[in-house]
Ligand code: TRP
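Take a look at this single chain, the form predicted on its own, given in structure tokens.
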């Protein structure tokens, strides 16, 4: 159900860091394991283009972040795990939402305001160096969320405004065009504020103050020892609520461990000892996942297949919703829906010697792509509008091969299909003899495929 959907994404503009893990990845994976949850996780590569104009960096970051999700325990077969740019419905929805979004709302977005305030302080033109992508960022983020009617979105506190803006935009669209979107809510872990970086500011790639998530043990320790602290000496009581070291520790520790560290601060623990405890706590949580990450980074082909399969799965939701939204805003054909007249070869109907004209309903058959757990192969099905299975494909090694087979099957005339009895089922071949799959009703398969082909012509 849409009310149970969780969604989050990470921008593919850099190496994953501890802030990404604590603020987004860990709570999202936890949410995916809740009974009845339907979870959506994506690599936000369109968002990356706003600030990054280095293609190789974006590609490398995509691999690193995908490997991170998987290394940390995301079960890609139980969730929707995809690359944002593999869902063409998202930029189309962005435009529909743009046309109902007030400019004044975008003027108040934190990122845009921060950029314009910095320009004012420097006596620059108010919009100097600001691209339209930064300005429109909240609308693209709203499209990411509303495309899948996600009700709960785990985010850091600095992202709450974007969820509120997505609600406003979705509510405005619903008001004009009818109820189409669930209005999302932000999900925050109360004990995890915005994670501080090495210099105490928000941990962010923009500030170059991050602690990369997958640093080797020795380098992780070195980075933690470099966290900026005050000049208080060992033995002096320290305020944990004013300490970046304590904030980081609390984000990883249990309630009992946090209480113990708070007591140590009151007793005057030295900064070196506090950082050592922080290092040990983080390393113990990440060491096993670090090994899995290194293995996955050496298998980019496998990760690519996982992402393409996830996109196909996600589009089973996005494509029909986008069709509905296009009709809602008036992007419709100029004639009313009418029955389609389909001409089939007589030999494919009742053995007559002349061509028969059959009138069929506009409800069309559909292709369903999936990956089988038992053999890890990729398949597709052709199902009639009433759910009847018309064709079960042969297995494919990659989702690309399955996708190409679908394109071929949708484009060739139905009477070019060749059927051959194989017990209770019929084997279905293309005209060049290639086996496509099996069917229990090849004549209906022909009819449905020809209707689909003509409707898309």
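Since the model is a prediction, treat every value here as computed from it, not as a measurement. Residue numbers count along the first chain shown, from 1.
Keep in mind that the form predicted together with this ligand is not shown, yet the notes after this line are about it.
Novice: So which of 137, 80, 380, 181 gets a non-hydrogen atom within 4.5 Å of this ligand in the model of the complex?
Specialist: Of 137, 80, 380, 181, the residue with a heavy atom within 4.5 Å of this ligand in the model of the complex is 137.
Novice: Report the residue, out of 269, 195, 155, 365, that has at least one non-hydrogen atom within 4.5 angstroms of this ligand in the model of the complex.
Specialist: Among 269, 195, 155, 365, a heavy atom within 4.5 Å of this ligand in the model of the complex occurs only for 155.
Novice: Can you say which of 409-417, 41-49, 54-62, 394-402 gets within 4.5 Å of this ligand in the model of the complex, counting heavy atoms only?
Specialist: Partner-contacting stretch among the options: 41-49.
Novice: Residues 9, 145 and 159 are flagged as a possible site; in the model of the complex, is every one of them within 4.5 Å of this ligand by some non-hydrogen atom?
Specialist: Yes, the whole trio is in contact, each within 4.5 Å by some heavy atom.
Novice: Is there any non-hydrogen atom of residue 141 lying within 4.5 Å of this ligand in the model of the complex?
Specialist: Result yes; residue 141 sits at the interface with this ligand in the model of the complex.
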